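Only one chain is included here, represented as structure tokens and corresponding to the form predicted on its own.
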Amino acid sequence: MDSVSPIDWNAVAADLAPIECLADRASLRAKSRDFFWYSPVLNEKLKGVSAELVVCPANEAELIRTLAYCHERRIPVTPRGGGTGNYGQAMPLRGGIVLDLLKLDRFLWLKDGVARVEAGLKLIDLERHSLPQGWELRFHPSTRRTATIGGFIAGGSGGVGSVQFGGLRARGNVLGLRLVTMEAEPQALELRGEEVMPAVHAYGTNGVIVELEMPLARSWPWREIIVSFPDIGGAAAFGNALCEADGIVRKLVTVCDWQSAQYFRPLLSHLKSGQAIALCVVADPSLEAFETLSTAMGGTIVFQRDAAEADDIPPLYEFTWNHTTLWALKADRSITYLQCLFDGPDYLDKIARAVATFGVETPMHLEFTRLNGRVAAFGLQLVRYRNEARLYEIIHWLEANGCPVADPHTYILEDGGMKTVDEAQLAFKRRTDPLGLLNPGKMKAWSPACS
């Protein structure tokens, strides 16, 4: 990857003082990386990427001063939260400065189920403030214990709770945000409603999010439950039925075949070898109805506990979403994964066709969600990686069979999800980052001609 022209980085750090700056090798390496190595394709492309300096502003004033300084000197800036992304969202392709936002971590207020927080606040710390008042996040990634709210909004899409509330781009899931522009005189913009959308899942390419206003959900006493099924078809049918059971309050419905579940080492003593499983989180008052449904559909409950219990088994959500791949990689570094959508009235048939076509080559992992008011499932299936050509053969088959793929093997914003240029997002970048200095190299639509 390209780097900026020679710069005296010690002088930069001195100029920015007393803002904390890190230039030691260990910090530069740690703050320049995420979980890009989930992908063997990205691992080859990004393993040498590094910033020249990490800058850690403690407040908005220090952040604005940093951005103005970098704009004047044409220094690239890559915003970073907890660094829990999977495809290089916060990796500095053009070198320069990584802007570490972890010090912007204040919980500002909570009123009537709406929280106002700074972007560097970790999700688990947000809920430490909200849960005693009876509120929790509507949904969160499986990295709840390490991810920041700003990083989730800028680089994520959905997670635990999406089975009830959909994803980040669903109307009403982000009420407002405060964003600082990358200009000679950086501006702090307050965006509300539909105005926030160009900054959601934009990798920080069009402004640095400093505050967020998020609607929360009433908290429930939750139970973690694993149900075993003879095969993936039965488990997927149960997942669909559970999501359609309007009277059952659920937060998580994850389905894995045995080829995926075999990697969940802390759970193995509870699982039936060779069987598919559904990992679920349901509210205590729904337990009886849940048990009745699982029995009626041929399932056997093999594990159950209060979600608040602490023991030697991690929270059940840490076996779901992108943590599923992490468990597999702990055992076999040759494994990678995909991200596709099984949608439409025949989505269970699409899942069955994918399983029949690829079998053990792509162990099936499903995350059930709500999408435009309907039940759907994201396929985060594992892949027993052979080579890049075979990987894209699988991707092309899925897309040709009505299963769009959000490619996790690219760091390009548009190629990873939308596959098309978001004109509103591009127009917003022209306004907020006219020189293209924020996280450069990530937006396909941006070119020097755009500035």
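On a predicted model such as this, the values are computed, not experimentally measured, just so you know. Heads up: residue numbers just count along the shown sequence, starting at 1.
Just so it is clear, the following notes concern the form predicted in complex with a further copy of the same chain, a form of the same protein that is not shown.
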property: Answer range among 158-166, 327-335, 252-260, 352-360 for contact with a further copy of the same chain, defined in the model of the complex as heavy atoms within 4.5 Å; result: 158-166
property: 4.5 Å heavy atom contact, Leu267 and a further copy of the same chain in the model of the complex; result: no
property: Contact test in the model of the complex: Asn372 vs a further copy of the same chain, heavy atoms, 4.5 Å; result: yes
property: Proximity of Arg305 to a further copy of the same chain in the model of the complex, heavy atoms at 4.5 Å; result: no
property: Interface membership of Asp346, a further copy of the same chain in the model of the complex, 4.5 Å heavy atom rule; result: no
property: The unique member of Leu271, Val200, Ala188, Leu216 whose heavy atoms fall within 4.5 Å of a further copy of the same chain in the model of the complex; result: Leu216
property: In the model of the complex, the residue from Ala237, Ala289, Leu341, Ile301 that sits within 4.5 Å of a further copy of the same chain by heavy atoms; result: Ala289
property: Neighbours of a further copy of the same chain in the model of the complex among 103-117 [non-hydrogen atom within 4.5 angstroms]; result: Asp112, Gly113, Val114
